[in-house]
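In the form predicted alone, a lone chain appears below as structure tokens.
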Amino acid sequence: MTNNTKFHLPDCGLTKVQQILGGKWKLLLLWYLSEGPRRFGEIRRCFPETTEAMLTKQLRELEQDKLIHREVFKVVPPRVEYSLTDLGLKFFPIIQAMNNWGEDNLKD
């Protein structure tokens, strides 16, 4: 059994993770980027339910939190590519476990 009395504190690990992954699309973006680097257009086509502004916002937040890397190529037309950082790669097994749990336990 763990000591759950500190879960509500701002320095609690769960609170920190929740703050980082609080966006609606962030887990799915990390899952998609786990397959390899993606250009913005590819990501946009994979997430047609979201606006370009929301997608950009969530990608920037993930970049700020050091889970993804944004690389800008100085070509015409400009090209931007996103990939998981080492920190993002370390988090991927957790996302994979969450996916497996959902598939095993949340059937129709």
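All residue numbers refer to positions in the sequence shown, first residue = 1. Computed from a predicted structure; not experimentally measured.
Quick note: we don't show the form predicted in complex with the DNA, though the next part is all about it.
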Should Met54 be counted as a contact of the DNA in the model of the complex, where contact means heavy atoms within 4.5 Å? yes
Even though the partner isn't displayed, in the model of the complex is Gly36 close enough to the DNA, meaning a heavy atom within 4.5 Å? no
Is there a heavy atom of Lys90 no more than 4.5 Å from a heavy atom of the DNA in the model of the complex? no
Within 4.5 Å, heavy atoms only: does Gly13 come near the DNA in the model of the complex? no
Residues Leu27, Lys66 and Gly102 are flagged as a possible site; in the model of the complex, is every one of them within 4.5 Å of the DNA by some non-hydrogen atom? no
Considering only 89-106, what residues come within 4.5 Å of the DNA in the model of the complex, judged by heavy atoms? none
